[in-house]
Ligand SMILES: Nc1ncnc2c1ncn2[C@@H]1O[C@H](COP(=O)(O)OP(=O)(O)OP(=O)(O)O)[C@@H](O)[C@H]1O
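A single chain, nothing else alongside it, follows as structure tokens in the form predicted on its own.
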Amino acid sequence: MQNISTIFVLDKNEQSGEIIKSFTENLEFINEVKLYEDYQKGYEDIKQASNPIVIMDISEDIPDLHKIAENIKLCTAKIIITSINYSTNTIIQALRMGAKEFLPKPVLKDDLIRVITMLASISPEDENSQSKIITVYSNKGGIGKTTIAINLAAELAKVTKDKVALVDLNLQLGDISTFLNLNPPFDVNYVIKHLIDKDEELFIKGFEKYKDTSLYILSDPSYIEQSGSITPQQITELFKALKKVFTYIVIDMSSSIDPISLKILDDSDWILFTTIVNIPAIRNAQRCLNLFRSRIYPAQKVKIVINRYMENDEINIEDIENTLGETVYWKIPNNYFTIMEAINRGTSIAEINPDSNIGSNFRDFAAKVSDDIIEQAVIQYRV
């Protein structure tokens, strides 16, 4: 069933705007089609609209295009981007701007109507079909996965400007609130029990917004005994609810292997499997990767992250890759003092020293994660 929508066409080419209007204005579920050569003016009207569908052309250079696109993305998930250039790079750019669909110019009527019909009837689940659950995991304690989860999530929020959730599913001994010096009024147990079926406005009240960013934090249960009441099925329901609201969901979890942990890992889109460069850690990593292989996870789901990496380590990256039979996805440098200062001050590394080797590393890490997720979407689009 289509919802009544208004179409906003942002296009510097008046003729192509008029063509799009002629294709769409007689659709029964379209209330009005509005044309704009001034993209900023278009955005000002979009943010006042109910259920807008946006068709934005990026064929020409537009002043402040990326900023306008970021703002529009906050208003609606129903964005179509068009361009006379339909190279892979252009499609990636369109997806970064929040496009649900990319249409090459000249736009064909049948293609446009198909896409608009789909967007007009889009469900909350479809709106966030590109949302990803990214779980930071190690089967050995003391590896630094909580620090990685916190700083990756913080940088994803900065790099993408999308809503990012950081969820502490180390249900008995979570540290995220402590590391960030937070005292949230709600926790994951409360959200699962009372808010999971609510609308976005109520659901997100269970989270602690991190300073002036688009990062939202959901803490571990306030009392250890509450962790035992959370079931694997509730983890699945929580993930579904998170995907309706957030583009990126970063999960920190315990190092154990139990039914809850396996459910978190099974339901994740990505597992950033974290280890360090020493023999016991690598042997533990081998055992865990064998478990993942036995569960037949999709290709590219598990990505190896090396923490506390030093270039002059006796064991090099090639040795690790040969031993594990996997390519190392990312290396995080060893910078004990900056990390401890961030933890002791209750803040992210970027707020302590963004230009340090580890501060710039996390910034680049978040950019790579975001880019790779977008490029996966491009491959699916091409297929």
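Since this is a predicted model, take the numbers as computed values, not measurements. One-based numbering along the sequence shown.
Not on display, but discussed next: the form predicted in complex with the named molecule.
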property: Partner proximity in the predicted complex: residue 144 to the named molecule, non-hydrogen atom cutoff 4.5 Å; result: yes
property: Any non-hydrogen atom of residue 46 within 4.5 angstroms of the named molecule in the predicted complex; result: no
property: Residue contact check: residue 347 to the named molecule in the predicted complex, 4.5 Å heavy atom; result: no
property: is_contact(residue 179, the named molecule) in the predicted complex, heavy atom dist at most 4.5 Å; result: yes
property: Segment assignment from 335 to 343, 317 to 325, 22 to 30, 59 to 67: heavy atom within 4.5 Å of the named molecule in the predicted complex; result: 335 to 343
property: The unique member of 160, 82, 131, 170 whose heavy atoms fall within 4.5 Å of the named molecule in the predicted complex; result: 170
property: Contact residue in the predicted complex, chosen from 73, 243, 308, 301 - any heavy atom within 4.5 Å of the named molecule; result: 308
property: The named molecule in the predicted complex - contacting residues of 358 to 374, heavy atom within 4.5 Å; result: 358
